[in-house]
Every structure is written in structure tokens, then in C-alpha cells.
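Coming up is one lone chain in C-alpha cells, specifically the form predicted on its own.
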Amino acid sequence: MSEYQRAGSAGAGPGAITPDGCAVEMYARMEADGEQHIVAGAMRAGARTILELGAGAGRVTHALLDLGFEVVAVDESPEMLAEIRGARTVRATIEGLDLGERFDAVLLASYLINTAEPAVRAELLRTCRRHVKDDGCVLIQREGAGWNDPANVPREHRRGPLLIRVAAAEPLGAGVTSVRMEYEFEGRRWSQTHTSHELDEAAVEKALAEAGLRLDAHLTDDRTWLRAVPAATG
């Protein structure tokens, strides 16, 4: 049993646990859930390069590579990056990242925009803006409305052999919730606790604007995936 904890995040279970509580062994076995097709459908014709922020063990990375995209995968965990094959990897935090390159698309998935820290959210989006081409796009996945509502917890669903359970949600005030996730896979069990800030449409658009981006389109009916583009200047 491994454990790792830092402010607002904790994780436990077999194998390595990252600073934000993610279980490397579990994520290495999780497959993409159609994210690659959302990304591909949102990019302009002929666009090939993608910067994936918070790539983890390559769940989406590998699916994008299979579609023929060139992916640079960024993550702070060396154990996660060691699971990625076929992509250039960069070990780094997202905040403050500056590769000196720009890409056709920048991907910020896994609800990272829902961080409970406004200053971190601002840094994440500035990193996106810094790395996207003027005619490119930033593709963002956010939590749906009511995702962390305690009235909707506990609940669970399966993704293939993996059981995913939202086990607990504790409101902390000011729209922030502490969420405990549990995972079961082939007899192994993991838990992860993180804090999340629910963002309404106005809050998302405001955060984008402050980073020099503007909302261009919602990509899914549940409005959890969106495309942002560089805002006009002058």
C-alpha cells in the first residue's frame, strides 16, 4: 500500500501515487473514453501538433498518437511519464511552463480547470495561451453542473473492468468541495481525494478572458468540453 498527501489532495493504494493522489498503476491500465475523437473533431483541417498538459500515464496520449497526431506530453510525475510510449515527454508542472514552442492545439483535460485555487487556474490558462498558435485552439474539459453535489453522492459506474465510485463530497464553502474517489480494478483498490471548484459559464468565460482566450464553442451536449481560441488583440 502506497500513500501520498499534499494540501487538498491524497491518494492510497498499490504502486506509486503522484503528488495529487493519482495511482499510476490504475491510470496506466485505463483506456481513453472517446476524448481523442472530441479533440480531433475540434481541430482545424491539417492541424497535427498537440501539447497535452497533465498527460498522466498516456491514456489520451496513446489514443491521439493512434490517430496520427504529434503529441508532446507534460506531467509532473516521472512514474506517469514512464508509461508513455511514442510521444515526446516533458517532466514539469503546468504552472509557469514555457517550452518556447507553439502548437496547433493545447489540451487541458481531466477537469484541471476546476482546481480550487484561482491563482493556479489562472496559471494553467496562461500556459495554454502561451503555447497555442494564433490560429490554433485550446481544448478544455470541465466538470458538469452538479458533479460534486452531495445529493448525488455516492454513485458509481464502470469503464470496462474498472469500477469508478464517487464515494463522498464535502462542501468546504465558496463553491469548493472535497471529493473522495474510489477505484477497483482486478482485485486492486485505490482511493483519491481532491478539492474542486464548480465553475458556471460566466466564471469560465471570465477566467479565459483574463488569460487572453475566448470561448469559441462547446463541443459536447453536456457542455463539459469546450474550445477556446486566442482573443483578438488591438
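Quick note: we count residues from 1 along the sequence shown, nothing fancier. This structure is a prediction, so every number in the text was calculated from the model and none was measured.
The same protein has a further form, the form predicted together with a small molecule, not shown here; the description that follows concerns it.
Problem - Stretch from 98-106, 146-154, 127-135, 71-79 whose residues place a heavy atom within 4.5 Å of the small molecule in the predicted complex - result: It is the stretch 71-79.
Handout entry: Answer option from 87, 162, 116, 94, heavy atom within 4.5 Å of the small molecule in the predicted complex
Key = Of the listed residues, the single hit is 94.
Exercise for the section: Give a yes or no for residue 27: in the predicted complex, does one of its heavy atoms lie within 4.5 Å of a heavy atom belonging to the small molecule? Expected result: Yes, residue 27 sits close enough to the small molecule in the predicted complex that at least one of its heavy atoms falls within 4.5 Å.
Exercise for the section: Spell out, yes or no, whether the shortest heavy atom distance between residue 51 and the small molecule in the predicted complex is within 4.5 Å. Expected result: Outside the cut-off, so no.
Practice task
Spell out, yes or no, whether the shortest heavy atom distance between residue 60 and the small molecule in the predicted complex is within 4.5 Å.
Solution key: Yes.
Handout entry: Close approach of residue 213 to the small molecule in the predicted complex, 4.5 Å, heavy atom
Key = Because no heavy atom of residue 213 falls inside 4.5 Å of the small molecule in the predicted complex, the answer is no.
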